[in-house]
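What follows is one chain in structure tokens, specifically the form predicted alone.
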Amino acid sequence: MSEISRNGVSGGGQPGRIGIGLELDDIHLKILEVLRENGRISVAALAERVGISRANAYTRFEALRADGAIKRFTAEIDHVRTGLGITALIFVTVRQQMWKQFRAELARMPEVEYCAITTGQHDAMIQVRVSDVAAVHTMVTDRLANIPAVKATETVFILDEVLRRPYVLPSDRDRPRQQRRPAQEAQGDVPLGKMRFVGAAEGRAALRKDD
């Protein structure tokens, strides 16, 4: 581990250096790529996937944890299965002299999954996950509206989460894009973004075939 993390932190903060001074190389990034697919992979399997020895994989993995590149391990859940099928973004305009109060009140709201300070028309973006639309309405009109620090809000409901990655890496940009041939659509399949209407006669014929 000393060989990996002996590099000191330069005053300019060189690209690729993180935390206490670990310099990320291609092997570190490959380890992070594998962990992105399976955070519970064994060290032996990790070493095989990356193409290094088990001892080297363990040393590098522990160095990434000690240096803070890997902050923690967690589980990804299905929010619909857990009863939180409604996701909304709430854009908030904050009274500039009352940021401290806004942050304190936000910390008391368990529905809030994520909050970021933003540029543009609004000052902050809040992502919430709740059980139904009424819960969003209550949060905006009864709770946020009653916080003196909140000047205005704008709510947007998320209809479909098309893409969600645990994290992105610099190496993702360098990977050549694979030319994939689109899978042949089975009869009756509907391409994304298109609609298919079935006539009554056609539908009855299909039902008779299944009997």
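If you're wondering where the values come from, they're calculated on a predicted model, not measured in any experiment. Residues carry their position along the shown sequence, with the first being 1.
There is another form of this protein, the form predicted in complex with the DNA, and it is not shown here; the text below is about that form.
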query	finding
Interface stretch in the predicted bound form with the DNA - options 151 to 159, 57 to 65, 30 to 38, 138 to 146, non-hydrogen atom within 4.5 Å	57 to 65
Residue contact check: residue 69 to the DNA in the predicted bound form, 4.5 Å heavy atom	no
4.5 Å heavy atom contact, residue 169 to the DNA in the predicted bound form	no
Contact set, 27 to 58 vs the DNA in the predicted bound form - heavy atom within 4.5 angstroms	42, 43, 44, 52, 53, 54, 55, 56, 58
